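Before any questions on how it binds or moves, here is one chain, the form predicted alone, in structure tokens.
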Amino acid sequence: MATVNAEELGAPVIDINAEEVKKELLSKYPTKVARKRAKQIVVNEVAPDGAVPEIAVNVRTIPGIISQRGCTYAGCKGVVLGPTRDIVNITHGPIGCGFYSWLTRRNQTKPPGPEAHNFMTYCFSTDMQDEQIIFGGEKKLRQAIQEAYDLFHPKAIGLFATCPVGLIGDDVHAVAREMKEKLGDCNVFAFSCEGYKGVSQSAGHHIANNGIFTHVVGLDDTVKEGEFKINMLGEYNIGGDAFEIERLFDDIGVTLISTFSGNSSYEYFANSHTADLNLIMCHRSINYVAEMMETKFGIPWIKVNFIGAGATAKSLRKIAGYFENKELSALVEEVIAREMPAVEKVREEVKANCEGKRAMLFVGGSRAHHYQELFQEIGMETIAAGYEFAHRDDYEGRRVLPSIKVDADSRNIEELHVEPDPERYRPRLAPEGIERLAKAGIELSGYEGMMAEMASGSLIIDDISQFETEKLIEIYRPDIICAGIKEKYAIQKSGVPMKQLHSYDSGGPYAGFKGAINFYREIDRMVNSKVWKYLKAPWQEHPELAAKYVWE
């Protein structure tokens, strides 16, 4: 039964009825709340054709429930634009919103030389006071733009509106146009990414995609050298992940035009439309710009995953298969053959310690999906997973896109009308090429979603609450949970190791072959550490005295 406490029995619970667990999670909620949450908690069942149950997602968090989510501004500035080194990003709002003006994640970058700009470690904010809230803050915003330009002479300045700005009506776009014309050699553009604008940070991703595509992509038509030119989308270089992926691209002779947006720059964005293929890592945060680039410039995209040794090998082969080049394919196989022995050696060592242990992943983006591959490689099972800000296609696959209804919250985000560029639209593949790739198993513009690759009977929970997290720990006693910074300490106090996967806290890279080795070793240390048993004092574990009140 789901009410069994594994600690009380002194042994882990192996067979737990997920439907009973779902009922127990919902039993503490009021009827109306339980009815809504029931649609967001699903017991996975994978049909032979890959179909999975429908899950309710991208809906507002219920007031009073402690959620993992961030705001629209955090998704726009903190996630998508934050890792770009040479754009001055100014937060227009009170300094409390300035948290995401700084480098809040462990995004890393390598400027090409000592003279290259790198503003990632700076915090730019207009620091709105009561006066600006009452009388408007556009004057102060103009002053901030001018000051940033005078001090740093950047190629671009991004403006990010926070909640008070939307409420008082400052026109950040008009200010951006005015200052762009005044400064002349600096591209100034704005994002209406007020925190309340969407149900989660996902709205901010969409707004960031729209802004970068409108104001930057396509500004530089220079065609760089290289036979195989690609863009890497949805890789934010947490802990140096992008560096490891770039190393592999160099080894196989692929030219990386741009990354959105880890270890990237304004110039890379401007030139990204000259690539021949877009690779998508984080499907949720960046699929918008991939689709717009395909419509306007003719660049197709494929879903890849460089988290996990097997997934990395598969993704490299997929790239070679797309370009249909024997020399490239040979180089890919050479790199895989070179890298895998070291991976397999460590994997077997770690697997002996970790096999049979169980993990839960509740992480934003595609990480709750991608990292399951790494756990599988060392014999660990993912028994429950979910996202913070996903849409149905992230869970169920893109096959469900035609059935997704656009609600008022989604309609709040502008959908750009994009048409083929009359001069620069160039289909990279002829119809017969697309057909050949399909026969070879390379799907363009496709993603199966997380649920299709998870076991039937596993638990899928969208926008998990703190209460639900604590209840799952009580019932399942997982060996490790992967989540974000807000959940970290509560989970650890429950005696369960917690790996923070939004920014890693420490460690990394975890991408590619060397990243897999790093992850294997770190998980081995975490799940097999003896420190967790010392969270309870000896007299709590083995009480020696017992007593009763006199009236009992």
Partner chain sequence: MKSHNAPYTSTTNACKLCKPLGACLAFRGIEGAVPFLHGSQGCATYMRRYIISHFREPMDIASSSLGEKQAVYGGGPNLKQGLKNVQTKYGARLIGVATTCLTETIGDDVPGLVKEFRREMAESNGHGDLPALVTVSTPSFSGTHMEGFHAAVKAVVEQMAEGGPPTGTVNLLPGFVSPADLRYLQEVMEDFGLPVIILPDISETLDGPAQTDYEKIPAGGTPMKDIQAMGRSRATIEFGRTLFSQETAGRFLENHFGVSWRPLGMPIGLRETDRFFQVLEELSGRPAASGHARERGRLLDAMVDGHKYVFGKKAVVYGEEDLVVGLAAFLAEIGVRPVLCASGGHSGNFAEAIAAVTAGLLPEPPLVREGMDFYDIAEEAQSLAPDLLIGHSKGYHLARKWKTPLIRVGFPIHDRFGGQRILHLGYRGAQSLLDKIVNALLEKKQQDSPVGYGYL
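Numbering follows the first chain given and starts at 1. Every value quoted in this text rests on a predicted model; they were computed, and no experiment measured them.
Keep in mind the form predicted in complex with its partner chain is missing from the figure; the text below concerns it.
When contacts are defined as a non-hydrogen atom within 4.5 Å, all of Gln68, Tyr196 and Lys493 contact its partner chain in the predicted bound form.
In the predicted bound form, Lys23 stays away from its partner chain, with no heavy atom inside 4.5 Å. Using a 4.5 angstroms limit between non-hydrogen atoms, Ala144 touches its partner chain in the predicted bound form. Among residues of the shown chain, Glu419 is not one whose heavy atoms approach its partner chain to within 4.5 Å in the predicted bound form.
Heavy atoms of Phe243 never reach within 4.5 Å of its partner chain in the predicted bound form, leaving it off the interface. Checking Ile383, Cys163, Val346, Ala311 against its partner chain in the predicted bound form, a heavy atom within 4.5 Å turns up for just one residue: Cys163. Among the residues Ile404, Ala438, Ile95, Ala330, the one placing a heavy atom within 4.5 Å of its partner chain in the predicted bound form is Ile95. Stretch-level contact check against its partner chain in the predicted bound form with heavy atoms at 4.5 Å: of 374 to 382, 271 to 279, 209 to 217, 128 to 136, the positive one is 128 to 136.
Residues of 21 to 35 that come within 4.5 Å of its partner chain in the predicted bound form, judged by any heavy atom, are Lys28, Tyr29, Pro30, Val33 in sequence order.
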